[in-house]
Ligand SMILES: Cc1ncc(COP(=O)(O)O)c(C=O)c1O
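Given next, in structure tokens, is a single chain: the form predicted alone.
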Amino acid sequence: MSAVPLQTPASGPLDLERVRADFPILSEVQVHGKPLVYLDNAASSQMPRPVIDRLVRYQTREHANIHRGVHYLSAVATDAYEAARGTVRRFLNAREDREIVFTSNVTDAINLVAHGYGRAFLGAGDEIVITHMEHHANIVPWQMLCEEKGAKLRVAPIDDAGEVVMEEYEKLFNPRTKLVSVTHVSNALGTVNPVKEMIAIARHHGVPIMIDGAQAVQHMPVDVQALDCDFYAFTGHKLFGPTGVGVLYGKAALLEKMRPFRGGGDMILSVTFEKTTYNTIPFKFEAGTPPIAQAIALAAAIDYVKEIGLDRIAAHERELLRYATESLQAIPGVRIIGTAREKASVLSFYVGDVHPHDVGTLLNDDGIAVRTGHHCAQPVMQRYGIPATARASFAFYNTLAEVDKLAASVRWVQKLFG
């Protein structure tokens, strides 16, 4: 799969030189005459050569619409698209391919559940449980649903470290609780939630639960059967794949009961002016031409990650996070936002009285790409009494030397601002 074969054993450390050679952008792009240090992986990770090559192959030799054609290219494209569904199913350890729905991203997947399940099964006085650390994509659709149905949104608090207060989470459950939707990993704090325990609590109360896995699947193995979640969503562009494709896993029994979110071609079995009969799952949720090229490339990204090994990826990223946390904590005036005991490789920080946007701009002058702002998690910022943070987020192709550059640049920012 790799452009440069990975020679390190599966149980050994990553050969970073070989891994980085698979990502052309890391060597081919300079910023202000300086090598790119890409630390914005929580927003969008880079694509390795095998994924890029798979995209090009589809576009140049296989491109056609799917499911509808009897000609050669349509058959080839259909086979590749449905094979990608199988790759995702194995990646998540879902029971059946039909439990995998391709979407445009996680936001689309959450909206699909809000409309397809929420609008069908929630009513006035019902309650939806989320947490205080959610991305806006896991807040706004539920607010919209609550406004429409007269339901209520209940929010589990987080403590100063950025961990869900589990006692308070459990107290939110009552006979009116009809749905739970929580993030697996916080994009703003890096917190890894105890989702297995959270799912077990929801299961005890007979409440279906959705997990937003946008920040999880690239860092750790996810087994939806072992978790026993009802829905799980992730997105391609954070998993070293292209933009424009996401995945919703749903238990078949629930997907069967849900209403289609969008109407149009391919999600139907028959149409008359009097009545439409919907297609079977997952197709009834994939109206119109789906993200064919993107789904096929996502499968290539999954194959690439599996070849490297999520265990090795996790080990390297833990070391990056440890080193970066210690390096920034050693700088007077730098405040780390999010100090949970279990974290993914996300490090949000605040530099004295310097606005995070100024921090990000000056780091960019050094060739360092970080994210600044509220990270689509304004309630998190309000919880800590700050307008925004600078966020460095690491992938397995990042190095300790890049962390040193980040720390040196932060010191330079402090010096500039006195």
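Sequential numbering from 1, following the sequence displayed. What you see is a predicted model, and the numbers here were worked out from it, not measured in a lab.
The following text describes the form predicted in complex with the ligand, which does not appear among the structures shown.
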> Taking 4.5 angstroms as the cut-off for heavy atoms, does Thr131 touch the ligand in the predicted complex?
Replying inline: no
> According to a 4.5 angstroms non-hydrogen atom cut-off, is Val101 in contact with the ligand in the predicted complex?
Replying inline: no
> Is Asn105 close enough to the ligand in the predicted complex to count, meaning some heavy atom within 4.5 Å?
Replying inline: yes
> Wondering, does His115 line up within 4.5 Å of the ligand in the predicted complex on heavy atoms?
Replying inline: no
> Where, among 295-303, 214-222, 311-319, 73-81, do residues come within 4.5 Å of the ligand in the predicted complex by heavy atom distance?
Replying inline: 214-222
> the ligand isn't shown here, but in the predicted complex which of Ala94, Val346, Ala137, Ile209 has a heavy atom within 4.5 Å of it?
Replying inline: Ala137
> Looking at Arg89, His237, Lys251, Lys178, which has any heavy atom no more than 4.5 Å from the ligand in the predicted complex?
Replying inline: His237
> Quick one: which residues from 173-198 get a non-hydrogen atom within 4.5 Å of the ligand in the predicted complex?
Replying inline: Thr183, Val185, Asn187
